[in-house]
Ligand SMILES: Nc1ncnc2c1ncn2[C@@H]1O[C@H](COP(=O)(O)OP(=O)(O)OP(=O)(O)O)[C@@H](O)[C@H]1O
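The chain below stands alone and is given in structure tokens; this is the form predicted on its own.
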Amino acid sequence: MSSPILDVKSVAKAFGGNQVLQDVSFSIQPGEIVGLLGPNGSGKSTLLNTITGFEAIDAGQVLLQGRAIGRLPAHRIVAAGVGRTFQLPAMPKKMSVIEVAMAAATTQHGFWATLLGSPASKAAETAAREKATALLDELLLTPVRDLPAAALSGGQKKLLGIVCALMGEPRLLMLDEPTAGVHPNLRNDIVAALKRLNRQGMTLVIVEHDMHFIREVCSRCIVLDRGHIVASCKPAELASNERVLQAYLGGGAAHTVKQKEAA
């Protein structure tokens, strides 16, 4: 087995007296698509935020291909090779779709260098525009590339969020509920795009509640409950995993499900 692209070791995070994550450990192998699951309040979003630098960990380690990133700020984690999207992506009202994509470039001279008049800005602008144009085409956003980004539908904003994350050329892409509230047609586009990215070598970690999506896309699931990992298994094994049933249904309900399955 190859070395993990992501290694999370005994990570803990608390907000005041609320211990949200405790002794969380898991590894992600290159090329995997892993679903990060759990009931509301289980710690999924906090875990995503700690891995990507939006929240500082209290204890433990986060390693990206052996390099410690757990206490780096978010922009340095992006530069190290971790991209992410957000559940409710906010888009600026006065920038077009392609301008937002170009602004997400994390090279030394990008779109902002152009605005500031950098000597290398013209070449940087051309490179960023070419890259953004290709990604918008791949994610089926070319027809809306010149529209205000804030005018996009919820599903289109999620696709644009993926484009922005990909502008940083990540090795690992982490997505927060990429299909929540999305029209079925756009949902299919997002599923196809994620599968295509994975075939191209991208490793994906996806926070998602849609179990059909998980079965359709993910090769493995990691399940959180009250800040602890309770399962790491294939999607097909979720329904028969007692700890997963207890996490979602409670002990009594899980026992009832087991009885019905045995009958």
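Numbers follow the displayed sequence, beginning with 1. Only a predicted model underlies this, so the values are computations on that prediction, with no experimental measurement involved.
Keep in mind that the form predicted in complex with this ligand is missing from the display, and what follows is about it.
*Asks:* So in the predicted complex, are 39, 42 and 46 all sitting within 4.5 Å of this ligand, heavy atoms only?
*Replies:* Yes, the whole trio is in contact, each within 4.5 Å by some heavy atom.
*Asks:* Looking at 189, 177, 99, 125, which is the one with a non-hydrogen atom within 4.5 Å of this ligand in the predicted complex?
*Replies:* Contact check passes for 177.
*Asks:* Name the single residue among 234, 195, 209, 228 that comes within 4.5 Å of this ligand in the predicted complex, judging by heavy atoms.
*Replies:* Only one listed residue qualifies here, and that residue is 209.
*Asks:* Should residue 55 be classed as touching this ligand in the predicted complex when contacts are defined as heavy atoms within 4.5 Å?
*Replies:* Taking the distances in the predicted complex, the answer for residue 55 is yes, it comes within 4.5 Å of this ligand.
*Asks:* Should residue 87 be classed as touching this ligand in the predicted complex when contacts are defined as heavy atoms within 4.5 Å?
*Replies:* Residue 87 belongs to the contact set for this ligand.
*Asks:* Report whether the minimum heavy atom distance between residue 244 and this ligand in the predicted complex is within 4.5 Å.
*Replies:* Residue-level check for residue 244: no, no contact with this ligand.
*Asks:* Output the sequence-ordered list of residues from 6-25 with at least one heavy atom within 4.5 Å of this ligand in the predicted complex.
*Replies:* The stretch 6-25, when checked against this ligand in the predicted complex, contributes 15, 18, 20 at the 4.5 Å heavy-atom cut-off.
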